[in-house]
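As structure tokens, one chain now follows by itself in the form predicted on its own.
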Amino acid sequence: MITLFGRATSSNVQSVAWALNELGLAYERHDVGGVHGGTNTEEYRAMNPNGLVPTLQDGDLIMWESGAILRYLAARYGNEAFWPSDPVRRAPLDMWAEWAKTTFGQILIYQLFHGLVRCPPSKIDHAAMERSLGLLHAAVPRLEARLGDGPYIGGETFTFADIAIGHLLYRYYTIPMERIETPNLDAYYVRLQERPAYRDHVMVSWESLRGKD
């Protein structure tokens, strides 16, 4: 049995839960982190010394870092379409998955989501948010252009890269902020919502994370 440790409202946990369900894998999830606590216990730190979520246990293997977990699941359990065995075919997908985490997600989650949603309203740094929004508006056209060759990140086939990018889009489209015109990205988001695992494990309300004065 695979065990996933992490709260359902964590975007990083959501990416792993989505992957597990897309791959048809049986697993148990335990609420850890946030209001649930549990990340500072001796037992949890023995699995994940960072004290963060998610953590995945698959038999004797224990992993942390959502991007690494996604790649592991894709490599071990995914088919050729989801995780191409040819490094040359897989490389562009891996590149976009990395971009999602280090560029798009870094701005969207760690700057805008934390600054606009998780921060108490009276403490929002509006000037910083404007700067972050400018960075996001500069990054999004790259994804928009890529999806013009869609319907998915790798073309015709849904892959692990779509999870790496797609799990961020629920927050992208629901954070109260200005968005630029992106018809390709908008259509892509609609396609993702047609996937039951996306609706069930990514489109999770973040209202409980909203900061309060």
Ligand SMILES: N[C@@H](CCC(=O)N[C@@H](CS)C(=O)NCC(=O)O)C(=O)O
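All values reported here derive from a predicted model rather than from experimental measurement. Just count from 1 along the sequence shown to find any residue number.
Not pictured, yet referred to below: the form predicted together with the ligand.
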* To do: Mind telling me which stretch in 155-163, 58-66, 180-188, 23-31 gets its heavy atoms within 4.5 Å of the ligand in the predicted complex?
  => 58-66
* Structure fact -> Note: exactly one of 147, 70, 169, 53 sits with a heavy atom within 4.5 Å of the ligand in the predicted complex, namely 53
* Asked: At the 4.5 Å heavy atom threshold, is residue 90 in contact with the ligand in the predicted complex?
  -> no
* Asked: Would residue 11 show up as a contact with the ligand in the predicted complex if we use heavy atoms at 4.5 Å?
  -> yes
